[in-house]
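One chain is shown next in structure tokens, namely the form predicted alone.
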């Protein structure tokens, strides 16, 4: 098991973007420069509370050319596991947090003839950094942004200033919605599509691309699936004999980290496959987007960042 060294950062600024979304500007605590990143990258923010430690991934949305600060946005989830509430209720300007080095699982393809960007709600955040790269490269792109209503149209003014007539906005309260089949059907060969947002939007874009015969390599999507809340269960690590209880609001990954272990992980959203672990015994409730269906049905592997045990006890090959 290995882990990446976290970077201490200071919260330099907090902005209330919408009633539910705050943008945080982070600077290195020692005043030094931050690691570089490319559009689509994310960092994992570590929040050390009195009762538990949260580790949440957030997209970097500032300019990749800026090595002095990172910007992330957090949508408050009152029914979540507590990380977003911590950021909204406990974090103030001047506070110190920790972030991981950036990881990019949602990069632009530099060989694309055209880029179609589709965002829903808070899914706009990874595109904010990508837009810097597209403008700098003089690339051909279109930005399609769907939101619930005008009050929740985060960064609308910034997008209009950056994109001009390349931006198409969709106000759900006015009956305006992205039509993936029509949009993708109008694109020339060599176009790549990128989508980030609600699960239904991602599925609709992927389905439309498949039906239109798009190559899988030209369809890119990102969805950070937060680990679901469930019943506590026990995890036995076969190689060490260690036994750990996974609380209802924690993932296996987080429980291992709380026990002082450092499992491999990148996305914490069940997408990248880095934390895939062999299951020796037990039934698994799979919540990832990585393992194929036959592997899930066999209960032979699990993604410890998002999946849980159906049984009261699971034995892992760790």
Partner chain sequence: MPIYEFPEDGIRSRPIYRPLQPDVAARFHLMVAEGAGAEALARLHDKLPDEASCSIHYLAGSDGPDGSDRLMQLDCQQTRIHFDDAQLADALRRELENASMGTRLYVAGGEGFIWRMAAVGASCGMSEEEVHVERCGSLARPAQCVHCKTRVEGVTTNIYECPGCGLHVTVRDHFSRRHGAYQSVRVDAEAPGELPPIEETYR
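Numbering follows the first chain given and starts at 1. Remember, it's a predicted structure, so these values are computed and weren't measured experimentally.
The form predicted in complex with the partner chain exists for this protein as well; it is not shown, and the discussion that follows is about that form.
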Quick one: from 248, 172, 198, 190, grab the residue that has a heavy atom within 4.5 Å of the partner chain in the predicted complex. 190
Pick from 160, 113, 77, 243: which has a non-hydrogen atom within 4.5 Å of the partner chain in the predicted complex? 113
Is residue 212 one of the residues lying within 4.5 Å of the partner chain in the predicted complex, judged by heavy atom distances? yes
Contact with the partner chain in the predicted complex for residue 89, defined as at least one heavy atom pair within 4.5 Å: yes or no? no
Considering only heavy atoms, tell me if residue 217 and the partner chain come within 4.5 Å of each other in the predicted complex. yes
Looking in the predicted complex, any heavy atom of residue 186 within 4.5 Å of the partner chain? yes
Okay, which stretch from 93-101, 227-235, 204-212, 152-160 lines the partner chain in the predicted complex, with non-hydrogen atoms inside 4.5 Å? 204-212
